[in-house]
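Presented as structure tokens, the chain that follows is alone, the form predicted alone.
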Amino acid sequence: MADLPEGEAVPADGSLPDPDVSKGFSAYVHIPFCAVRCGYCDFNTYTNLDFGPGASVSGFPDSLRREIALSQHVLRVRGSAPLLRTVFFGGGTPTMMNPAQLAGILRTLHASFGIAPGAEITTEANPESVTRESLRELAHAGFTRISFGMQSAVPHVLHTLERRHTPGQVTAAVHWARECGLDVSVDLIYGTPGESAADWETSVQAAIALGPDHISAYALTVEPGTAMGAKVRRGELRMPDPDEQAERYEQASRILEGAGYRWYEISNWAQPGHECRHNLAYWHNENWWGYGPGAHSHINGTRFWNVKHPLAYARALDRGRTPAAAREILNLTEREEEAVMLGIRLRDGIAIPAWADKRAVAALIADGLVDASRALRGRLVLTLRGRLLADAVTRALMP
């Protein structure tokens, strides 16, 4: 599991320099529990379902309610207009908790902040962790969208990734979600050791055949502390090849756009009007509060992150203290640079920053990394090649 970043101490009450969220904000809820830990996973997840009071599947909602109450105090919210524009339950596997528990957390958020009419309310889920009835209960509770971890439609690739579901379970889960009126997103992973170009096309075409509103495709990253990382170190698996991954990305983009899915962020494609509004809040550097162990937040230029272990998280809240481990207060220059780093990933790109070196911009155009015609009109928009080298584009723009 990746370490938390370093930062300055957070006041015990969690107070912020600028807590104003009167224009609205988003909520991320991290559910840290999983049935098994996939070999490639480096997220803050745990297969132990009971770490003690407030840190078990049954008691965890109480800890979340304490953090929601703390955030209501920190943000100085007192019965104002509905503030939450998006809510996203991630993990882990949120559907390790039953629908009544998830619905209860959603009700607490609604009672504390109000949920705006038409808000997008998403939960992630593994295909094997849902039933027709559980999805019906989630839809009835107010969830509008579900994101399934499909990863692949090829059995040997799923085996290498140590996923538990079968391709047929994905098909059934998507069908049930559609019956309940939920918008559907599916996640794919490319670059798995042993995955061929034909395997990857099979997975992309299978995802399209499900008819989801949204498809995400992420390059496999092998992290040192994972089971897959250990297998690579022992020579049992080979590291993903960056050139092959670039080819897979181009392959996916071509197939998805040919099927009517439009890219709107480097790793995300959607049917028009079905872009994930919660993720766009991140890319637009808007305000959100992340609830749960290891969750990160951003409120008006202050970034803070919670302790990672569920029991440490629960104990802090039980003592009436913030569970935040540390924070970073960005100055104006850092905020401008972060807006570039995030915004450049989007389909509409960014206005050329006033501080950008004109020679650097010219070099990006000459290298085919940004659209030349848009750049002449004052906007930097990544080309397909630029999307593959987005980090290099960001570095070139930085002072």
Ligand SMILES: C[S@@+](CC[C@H](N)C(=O)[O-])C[C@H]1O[C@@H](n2cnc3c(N)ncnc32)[C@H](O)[C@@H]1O
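Throughout, we count residues from 1 along the sequence that is shown. Every value quoted in this text rests on a predicted model; they were computed, and no experiment measured them.
Only in words, not in the display: the form predicted together with the named molecule, which the text now covers.
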Self-check item: Listed range touching the named molecule, judged in the predicted complex by heavy atoms within 4.5 Å, from 185-193, 131-139, 255-263, 199-207
Solution: 185-193
Quiz item: Tell me, which of N306, N126, T86, S71 has a heavy atom within 4.5 angstroms of the named molecule in the predicted complex?
Solution: N126
Practice problem: May I ask you to choose, among A172, A219, A230, I329, the residue with a heavy atom within 4.5 Å of the named molecule in the predicted complex? | Solution: A219
Exercise. Consider C41 of the chain shown here, and say whether it contacts the named molecule in the predicted complex, taking contact as heavy atoms within 4.5 Å.
Key: yes
Practice problem: Give a yes/no on whether R163 approaches the named molecule to within 4.5 Å in the predicted complex, heavy atoms considered. | Solution: yes
Practice problem: Indicate whether the named molecule has at least one heavy atom within 4.5 Å of a heavy atom of P310 in the predicted complex. | Solution: no
Quiz item: So in the predicted complex, does any heavy atom of T322 sit within 4.5 Å of the named molecule?
Solution: no
Quiz item: If we check the named molecule in the predicted complex, which of the residues in 53-73 reach within 4.5 angstroms of it by a non-hydrogen atom?
Solution: none
